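Just the one chain here, laid out as structure tokens, in the form predicted on its own.
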């Protein structure tokens, strides 16, 4: 906070709050907000939610239904020149704070918090490793247990969700099953398309285990793949391997993106790689650092991120391979070990 000149830190919904307190606020119209000043930390919480808060190095200030929580926050914050406010804070509360603190300049709390969260501790890496191992177990089960052909994407996705929970995740956060031409849409939502023989299918899913996220992508072929599918998958696999080789401590984030992109461009598919190479991961599925052109930040020990190049051919097919990795002094720690080949499924 001192580095950025922030006199107070105001955290509501989002992962910054549990990162500091261990408490996850419910996304309610009732305000929960941690107020951190130079001398005090106070969690302002609805009285009915207070029993859910475990004691910590902060005061707990329950507020009753007849009280105005924004007034309580304003009083605790004092008259800050600069306040760092949680990036996901509802505008309902931010607008009220702006009107009550007209002389205060507000900054995104990520200005302060990202430097704390971007370097994972040993325990955080252990949590990410456990989450990664769990989704790897799901991937190993898919060829044996999941039938793709003649079933809808939605039906397959439900099985992936169930297996994610069975393998230890407390929640499943997202599940992409994109078949045939739908696989050319990187964030396709599973629908009623019936998967057919010969389809290439991207399966991209993840959840939370012990508060930390998993995120993995593999591409399957329903029956024997076409020559085009084999070619495109081989290019993406080579690209992903190049990204893993480039992701060493001291390397700019954008150079990892460039390493992946060079392979795909050389194969003639540069215009079909339409997203960044990777994103950071931790308590949020997407956080710093981002592996993208223009991000010259150097990789440092403890940074966790995805490497997930893809090729998307509109109306035809798509391929993506994704692993979660952690930068380390002794080399890249790849948390996902599941088979990266174009696995044939029924």
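Residue numbers count along the first chain shown, from 1. Keep in mind the model is a prediction, meaning the values are calculated, not measured.
One more form of this protein should be noted, the form predicted in complex with another copy of the chain, which is absent from this view; the next part is about it.
Engineer: Which of these residues, 266, 274, 245, 227, gets a heavy atom within 4.5 Å of another copy of the chain in the model of the complex?
Structural biologist: Contact check passes for 274.
Engineer: Considering non-hydrogen atoms and a 4.5 Å limit, which listed residue (211, 78, 108, 223) is close to another copy of the chain in the model of the complex?
Structural biologist: Comparing distances to another copy of the chain in the model of the complex, the residue within 4.5 Å is 108.
Engineer: Picking from 230 to 238, 137 to 145, 68 to 76, 84 to 92, which part of the chain touches another copy of the chain in the model of the complex when contact means heavy atoms within 4.5 Å?
Structural biologist: Looking at the other structure, the answer is 84 to 92.
Engineer: Taking the shortest heavy atom distance, is residue 28 within 4.5 Å of another copy of the chain in the model of the complex?
Structural biologist: Within the cut-off, so yes.
Engineer: I'd like to know whether residue 316 contacts another copy of the chain in the model of the complex, with contact meaning heavy atoms within 4.5 angstroms.
Structural biologist: No, residue 316 stays farther than 4.5 Å from another copy of the chain in the model of the complex.
Engineer: Considering non-hydrogen atoms and a 4.5 Å limit, does another copy of the chain approach residue 292 in the model of the complex?
Structural biologist: The answer is yes: residue 292 has a heavy atom within 4.5 Å of another copy of the chain.
Engineer: Just checking whether residue 194 would be counted as a contact of another copy of the chain in the model of the complex - the rule being heavy atoms within 4.5 angstroms.
Structural biologist: Outside the cut-off, so no.
Engineer: Would you give me the residues of 42 to 58 that have any heavy atom within 4.5 Å of another copy of the chain in the model of the complex, in order from first to last?
Structural biologist: Going through 42 to 58 in order - heavy atoms within 4.5 Å of another copy of the chain in the model of the complex - the hits are 47, 48, 49, 51, 52.
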